[in-house]
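Given next, in structure tokens, is a single chain: the form predicted alone.
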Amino acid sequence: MSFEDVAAKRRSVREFSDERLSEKELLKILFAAQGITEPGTGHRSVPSAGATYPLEVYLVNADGVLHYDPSSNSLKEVVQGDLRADLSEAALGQSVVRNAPASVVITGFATRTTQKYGERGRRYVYMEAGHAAQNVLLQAVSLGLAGVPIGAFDDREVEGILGCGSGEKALYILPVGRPVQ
């Protein structure tokens, strides 16, 4: 599918089938968010101010919470068990988060970028999160899937569900799945 076709078909979709996404589909989506495109330099699929790479990417699905490891293009289990209902409640009760087979959650460590750029670096983290989110949504379309960006959520609740450490802030939730036809 050409970029023009993918861009033309990208829409915010809030109703998905119950069908689980394959590991291959999930890894392609996560690669779009933060995958390493040039192993020698560590460059990733989205631009990053000064190559500081402040973002972390998680997947919340029926299996639990998984953390994306760009260096191996793999998932590492963080928490077992289906926490989609909890994530939905943290997202102010939005049912799309509960009903989607998977949600990509983007977090960031501003200090990775502010160490190099001072307080202006915070802006760069948000820009990078936007790039990653758009890549996720476009990759979903290219795979015959769909998604929707969610910014309305209780930051601390989401961070607690993911098991975020100190200084790691929730930035985006992106439910993805097969659109209901």
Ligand SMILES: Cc1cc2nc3c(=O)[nH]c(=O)nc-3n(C[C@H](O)[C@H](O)[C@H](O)COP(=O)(O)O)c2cc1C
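Just count from 1 along the sequence shown to find any residue number. What you see is a predicted model, and the numbers here were worked out from it, not measured in a lab.
Heads up, the form predicted in complex with the ligand isn't pictured, but that's what we're talking about next.
Novice: At 4.5 Å between heavy atoms, only one of the stretches 31 to 39, 144 to 152, 55 to 63, 118 to 126 reaches the ligand in the predicted complex; which one is it?
Specialist: Result for this chain: 144 to 152.
Novice: Would the ligand be touched by all three of R10, Q94 and Y172 in the predicted complex, meaning a heavy atom each within 4.5 Å?
Specialist: Yes, all three are in contact.
Novice: Select from 13 to 42 the residues with a non-hydrogen atom within 4.5 Å of the ligand in the predicted complex and write them out in sequence order.
Specialist: Just R14.
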